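Quick setup: one chain, the form predicted alone, written in structure tokens, and binding and motion questions come after.
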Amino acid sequence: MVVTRKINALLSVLDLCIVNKSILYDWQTGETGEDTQELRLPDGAAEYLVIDNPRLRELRERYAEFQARASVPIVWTDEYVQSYGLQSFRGDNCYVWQTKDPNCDEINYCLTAYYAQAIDRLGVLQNNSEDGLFGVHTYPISSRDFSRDILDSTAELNFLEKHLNLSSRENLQILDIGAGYGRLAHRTASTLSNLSTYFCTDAVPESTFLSEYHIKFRNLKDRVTVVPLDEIEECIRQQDIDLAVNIHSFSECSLEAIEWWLALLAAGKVRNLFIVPNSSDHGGERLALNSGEDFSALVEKYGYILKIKAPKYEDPLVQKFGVSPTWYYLYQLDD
């Protein structure tokens, strides 16, 4: 014990210490083996989700010609996006980190799953299941499989229901900026019967390609519309959109790109704006880029007033130990 204390005193400058192996779980020692998450695909997916798909080539060409400020990459460079396989688009990758973010071990998923069941007044879990397709990481908890996909969607939709009463709005229209593969679109359309149209858009052509495929696979094309970047200005101008959401996307953009989007939303009189920033400091309370630069003043510049700022998890203990803690920001356009 004396030797251990002396060694730990030396290691403390590196924020390290020695502990008894007997008090650790298997997932803490790394003795559970290599990650063997199975890549399960439906019929036809392996043939369609390929880098040389004609539709993907078309979208890349269109986006390259569209000189919008929104398409200037900061994080989502071609090299970054193409480092992940299209067939595992729901896996632990650039769309949804599932084992890399803070608190992403099995015990954290278990805590978060029980929390989600306790706060799910909207019925997201009742109307959605996790099928484990396209490489998503799942954990069997309480007689069902959970993923970060469904856990995040449950938290986000219940927050919006609490503060905007989404389920009671007639002909609800939602715009998802940086929709990725259509995660929240899938869960929203499966939960809200009053949803008129959920618009998915993204400045990354691969994301648009994957959203189109995923929404069609889920049989949601009657309620979810994927809008390519070069058509989004007209879409916003023509539609009466109730809510715009940006989840873990603005943090990965340039200020120039964020301003481009905000100008479109303000011109289209999109009243409500929901932003979920990335959290680099374990649930930090700042609306910031990955670089740490605060962009809240830019949002306010376009007439959006902060109405609600709240932790992802209302319970302080879950906010400390739940999967990928962050903060939620709900803005409203000043009348």
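Position 1 is the first residue in the sequence shown; the rest follow in order. Predicted, not measured: the structure shown is a model, and the values here were computed from it.
The same protein also exists as the form predicted together with a small molecule; that form is not shown, yet it is the one meant from here on.
None of Phe134, Tyr213, Tyr109, Trp261 but one reaches within 4.5 angstroms of the small molecule in the model of the complex through a heavy atom, and that residue is Trp261. Interface residue among Ile232, Ala203, Ala244, Val226, judged by heavy atoms within 4.5 Å of the small molecule in the model of the complex: Ala203.
Residue contact check for Leu175: none of its heavy atoms lie within 4.5 Å of the small molecule in the model of the complex. Contact annotation: Ala257 falls within 4.5 Å of the small molecule in the model of the complex, judged by heavy atom distances. Within this chain, Tyr95 lines the site of the small molecule in the model of the complex, having a heavy atom no more than 4.5 Å away.
The small molecule in the model of the complex is not approached by Ile275, whose heavy atoms all lie more than 4.5 angstroms from it.
For the candidate spot formed by Gly180, Ser249 and Cys253, every residue has a non-hydrogen atom within 4.5 angstroms of the small molecule in the model of the complex. Only one segment in the set 234-242, 122-130, 203-211, 217-225 has any non-hydrogen atom within 4.5 angstroms of the small molecule in the model of the complex, and it is 203-211.
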